[in-house]
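This document opens with one chain alone, in structure tokens, the form predicted on its own.
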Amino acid sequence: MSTDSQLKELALHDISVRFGGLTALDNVSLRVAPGRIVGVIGPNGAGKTTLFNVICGFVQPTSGSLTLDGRPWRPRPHHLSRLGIARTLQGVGQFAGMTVLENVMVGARHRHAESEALAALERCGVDRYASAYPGALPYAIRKRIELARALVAKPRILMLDEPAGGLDADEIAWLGALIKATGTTVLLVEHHMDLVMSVCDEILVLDFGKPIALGSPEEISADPKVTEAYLGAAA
């Protein structure tokens, strides 16, 4: 019998993705319960972004299935917002011809888009740039704007694709505090291990598309298979 938590979760069941002769994901399963912060880590080319693209509907799995709220689910990119799923990108995908405020308003799902966008910018510490154009701003500021655009939708599931890229230590510490304070379900792909270990409840480790470990930060940091995967990638 399914628990109430299971009926509200996002789950991947034995997902595999193949592009010709390349296996990008190989029988990956993951349950993301409400309110949990789940990290996905692994060396470059491990399949992390492919996993995100499967959840967002940009990549169709070769085999396996997804469920959302206990029901079979086939993701469609244009349905994500209405389902309460928001994603940031590895870079910054703002519209150059729109102000910062207008960019963030694009992510709003509610009637009072301007006031909600301003509140999201303030939460991310960049409300003073509301009337500026993104192209004139430093990269770290634009990363915060990207996060504000995701948060303004008040998502039930927030997908963060390398949000710490290009940030310094102080900015990463700020980001970690914000992630923990969101109060929502978070899926995090990230290379900065200090951030992952400090914010995540559970971590999935991929290596060449295969899941090699799943557990708490303490379990993952002590797992020799994880150490081997990273050292082998660096050798």
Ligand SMILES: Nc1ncnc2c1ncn2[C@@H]1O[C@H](COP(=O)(O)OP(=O)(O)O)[C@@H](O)[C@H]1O
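A residue's number is simply how far along the shown sequence it sits, counting from 1. On a predicted model such as this, the values are computed, not experimentally measured, just so you know.
Note that the form predicted in complex with this ligand isn't included here; everything after this is about it.
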State yes or no: in the model of the complex, is some non-hydrogen atom of A222 no more than 4.5 angstroms from a non-hydrogen atom of this ligand?
no
Quick one: does L10 come within 4.5 Å of this ligand in the model of the complex, counting heavy atoms only?
no
With the partner left out here, check for me: in the model of the complex, does some heavy atom of T184 sit within 4.5 Å of this ligand?
no
Should G45 be counted as a contact of this ligand in the model of the complex, where contact means heavy atoms within 4.5 Å?
yes
Residue stretch of 37-45, 171-179, 196-204, 62-70 approaching this ligand in the model of the complex, non-hydrogen atom distance within 4.5 Å:
37-45
Checked 10-35 against this ligand in the model of the complex; residues with a heavy atom within 4.5 Å, sequence order, are F19, L22, A24
